[in-house]
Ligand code: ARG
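One chain comes next, on its own, written out as structure tokens in the form predicted on its own.
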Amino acid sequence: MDKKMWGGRFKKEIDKDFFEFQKSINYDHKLAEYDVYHSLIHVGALAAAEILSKDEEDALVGALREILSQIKKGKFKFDPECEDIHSDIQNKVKEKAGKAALKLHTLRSRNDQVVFDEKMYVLTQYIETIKLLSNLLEEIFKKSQDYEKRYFIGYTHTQRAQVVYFSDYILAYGQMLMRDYDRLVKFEEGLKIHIGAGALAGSPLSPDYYRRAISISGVIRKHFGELSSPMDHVSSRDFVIEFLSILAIIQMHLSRMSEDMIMYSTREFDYLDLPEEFCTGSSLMPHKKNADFLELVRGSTGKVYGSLFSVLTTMKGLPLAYNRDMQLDKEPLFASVETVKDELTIMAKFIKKLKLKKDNIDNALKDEHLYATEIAEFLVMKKGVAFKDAHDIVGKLIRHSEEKKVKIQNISDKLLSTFHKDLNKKILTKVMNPKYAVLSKKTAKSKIPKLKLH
């Protein structure tokens, strides 16, 4: 068993099975770096309050800096026998600083440490996530430029609807991800990190001591705010839920994009050529080129949604202030962060190598149904026909084409005039082509925004 940070009130040893059940070191070791930052700030406050001598302060700071260096170099090894990362850091400081370590936990609580650590973790992951999101957006914008004037088929209800530019199609996903980018920025702007809450009632240490310690700690200072409610601070995980919510929305957009690309790469559509580096074959069927990366993105949506609902459910009935239930927010948080970061990394490389099958798309663009709306709009805009009448006229024209198995553009002018006096082959030739279809729409086209990393 490890050396615990508690236990003086207990006579009996903790049950071994319960100890294994309740310990969190196997996942909260990810918070080691941030836990050291908390200790460095706390040591500074203790020194300012003259609770630590100069020698004790130097010993503790030296030990903590050494541990921090090991973490940053990837040489830190957590002790799997410890209860949590807080205990592990405490024990390692004692090994290096001796008796001075007995004062390290003076006037603080793990309740305060863990929320500090998680906020620092989330801030770090925000920075990494927004960079990866930016990389994906850049690839989407480049792909839209590569196929800037290429026509594509737009769908509603998974049925062919109207002709669009491929650039507008893929930039629709760019717009979704841009909103995710903005959500992340707003989240970061609102994130406030506090210290000194104690277990729930605050600390005897002056806020001035903490402010002074933060200013020399080397930690990002812009996010530190004045602690107004220690009880709220130690008992709330809104920031975890908010971050998970944003990740869930990003995941939704990645899943929708994946579903589109899976569908459009099938032989039934055959519009997209997926890069082989991100596909796999079949152990039985030699011809298969399976979109496994995209399917795994789509499948991982359940995990990311589940993480959000897990934390929401954990928090929904907790009385003030801290409860051990809150320990269970970490694994869902860590899992979602890693999943989304991996997907963003790979999706950027995937989009870069994605290609259109131009001949197949051009063949699909010959579908006369794609131009039905343009015919109706022409009758309205150029011939003054009421839209309801124009809708009926074109609907009957489509039905006649289907029933008689004849192309609309092969119908004689005489027969066309029976649907409307101004309909003829010359007009239909003008209207029923991709260029007219996209240029007839006057609303603003999708634009490529300038990205500025925050």
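Owing to the predicted nature of the structure, the values given are computational and were not obtained by experimental measurement. Start at 1 with the first residue shown and count on from there.
What comes next is about the form predicted together with ligand ARG, which is not displayed.
ask   = Would H253 sit within 4.5 Å of ligand ARG in the predicted complex, counting heavy atoms only?
value = Taking the distances in the predicted complex, the answer for H253 is no, it never comes within 4.5 Å of ligand ARG.
key: 4.5 Å heavy atom contact, Q125 and ligand ARG in the predicted complex   = Flag for Q125 set to no.
ask   = Is K330 close enough to ligand ARG in the predicted complex to count, meaning some heavy atom within 4.5 Å?
value = Yes - in the predicted complex, heavy atoms of K330 and ligand ARG come within 4.5 Å of each other.
message = Just checking whether Y322 would be counted as a contact of ligand ARG in the predicted complex - the rule being heavy atoms within 4.5 angstroms.
response = Y322 belongs to the contact set for ligand ARG.
ask   = Looking at 71-79, 186-194, 137-145, 111-119, which one sits within 4.5 Å of ligand ARG in the predicted complex if you count heavy atoms only?
value = Looking at the partner contacts, the answer comes out as 111-119.
query = in the predicted complex, which of the listed residues (D84, D180, E343, E374) lies with a heavy atom within 4.5 Å of ligand ARG?
reply = Checking each option against ligand ARG in the predicted complex, the one that comes within 4.5 Å is D84.
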